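Here's a solo chain for you in structure tokens, the form predicted on its own.
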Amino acid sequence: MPLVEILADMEKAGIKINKTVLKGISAKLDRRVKKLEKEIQKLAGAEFNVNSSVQLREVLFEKLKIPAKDIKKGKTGFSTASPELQKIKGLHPIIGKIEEYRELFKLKTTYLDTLPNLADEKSRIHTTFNQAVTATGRLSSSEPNLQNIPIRTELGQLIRTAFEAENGYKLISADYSQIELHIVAHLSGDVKMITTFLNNEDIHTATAARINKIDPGKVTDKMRRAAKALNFGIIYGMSTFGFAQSAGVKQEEAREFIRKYFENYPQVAQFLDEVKISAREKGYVETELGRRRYIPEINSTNIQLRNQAERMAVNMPIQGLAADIIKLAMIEADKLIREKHPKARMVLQIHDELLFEVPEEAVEKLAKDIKATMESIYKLSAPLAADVKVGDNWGEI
């Protein structure tokens, strides 16, 4: 309840966008989308509507005869949804092009062409924050949904450059660093993982070094990537198959990697097992602060439903506590602004990040205060860490 008023203020304040920047990116993207469409049609050997799942299905599985052994089949035929296409990505170059085309087409239609029309007369966008939509307790955003702008892609960063501070103001971004992994370490009590965070070491490099039994200095990019995929995969109850795909390794390698992972982090393995057992007994899981999610499917006789429920059960106490923590941080940050920096305002919350619009003269002081507030809001045995950056637009921070 204390958050309701804060969210209302954020919705009312909105965030400024630069329509010219968005139109420029849209035009550039339009050229790329058209080029991709031609490349796809060339690979298919025929002109067809790439956005039509019926036509795409015919091209992939009838014309090009790509094996559809593991592809889900519905009433109308084989699925062309992204998770299904992932399974056949290595079988034909057309799949990678389709994936890229879809991502660019979606970003263009969802953000670049739409956002300028949603801005008010001051060029500010007003999203709606929803507290009671996601099952884990995370806030969601709608009309427009600003939480789906990709974080790690070049294009996502480019779109973010269109979100600006007003003249005389700067944007401050305060982002929890790997909060979910800090929470895994805290909830499981895993000594090695907690020690890694206490020593300010890179968790992915440390994990790769432990699994491969080598010195951290000898960890290659590929080893770190695989360790990172599993560190985050654990949070989402990732399967051997899922890990093999995301790390780009064979199933047997993935199985062995996971075995070594749990050998090195035994308390994490124990914690995950205990969560599943408790969920089966109680029919629900909850966060350390008491937010509860009921998961009746965990005792289902349908193995797919049960596996899905187990993944939800594992993820909820971790992601749910991250959601609880950021809400507490928002309440505290709001108090800080009201008491010490009344001209500043909190404008966005995206996953583990808070965005503030702050008068230039107050930036340095407020950035320090926000960092201290976010890091001290909740006590974890692997202490919270927040990265704070300042810039004129969201893309440069």
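Nothing here was measured: the structure is a model prediction, and the numbers come from that model. One-based numbering along the sequence shown. Only the largest set of C-alpha atoms that superpose within 1.5 Å between the two forms is called the rigid core.
Below, we refer to the form predicted in complex with the DNA, which is not included among the displayed structures.
Exercise for the section: Decide whether residue 41 counts as a contact residue for the DNA in the predicted bound form under a heavy atom distance cut-off of 4.5 Å. Expected result: Because no heavy atom of residue 41 falls inside 4.5 Å of the DNA in the predicted bound form, the answer is no.
Handout entry: Close approach of residue 111 to the DNA in the predicted bound form, 4.5 Å, heavy atom
Key = Yes, residue 111 lies within 4.5 Å of the DNA in the predicted bound form.
Problem - Exercise: residue 267 in contact with the DNA in the predicted bound form, heavy atom 4.5 Å - result: So residue 267 does not count as contacting the DNA.
Handout entry: residue 350: touches the DNA in the predicted bound form, heavy atom cutoff 4.5 angstroms
Key = Taking the distances in the predicted bound form, the answer for residue 350 is yes, it comes within 4.5 Å of the DNA.
Exercise for the section: Given the DNA in the predicted bound form, answer whether the residues 138, 145 and 246 all have a heavy atom inside 4.5 Å of it. Expected result: Checked in the predicted bound form: all three residues contact the DNA.
Practice task
Tell me, please, which stretch of 89-97, 161-169, 313-321, 277-285 lies within 4.5 angstroms of the DNA in the predicted bound form when heavy atoms are compared?
Solution key: Heavy atoms within 4.5 Å of the DNA in the predicted bound form occur in 313-321.
Exercise for the section: Quick one: from 177, 205, 299, 79, grab the residue that has a heavy atom within 4.5 Å of the DNA in the predicted bound form. Expected result: The residue from 177, 205, 299, 79 that makes the contact is 79.
Practice task
Answer with one of 212, 195, 123, 130: the residue that has a non-hydrogen atom within 4.5 Å of the DNA in the predicted bound form.
Solution key: Of 212, 195, 123, 130, the residue with a heavy atom within 4.5 Å of the DNA in the predicted bound form is 130.
Problem - Residues in 93-109 close to the DNA in the predicted bound form, defined by a heavy atom within 4.5 Å, in order - result: Contacting residues: 102, 103, 105, 106, 107, 109.
Exercise for the section: Establish whether a shift of 2 Å or more occurs at the C-alpha of residue 156 between this form and the one not shown, with the two forms superposed on the rigid core. Expected result: Yes.
Handout entry: Per-residue C-alpha change between this form and the one not shown, residue 101, threshold 2 Å, rigid core fit
Key = Indeed, residue 101 is displaced by 2 Å or more.
Problem - Direction of Cα pair change residue 312-residue 75 in the predicted bound form, magnitude 3 angstroms or more - result: Compared with the form shown here, the C-alpha atoms of residue 312 and residue 75 sit closer together in the predicted bound form, by 3 Å or more.
Exercise for the section: Specify closer or farther for residue 82 and residue 135: how their Cα atoms are spaced in the predicted bound form versus the shown form, given a shift of 3 angstroms or more. Expected result: Relative to the displayed form, residue 82 and residue 135 move farther apart in the predicted bound form - a change of at least 3 Å between their C-alphas.
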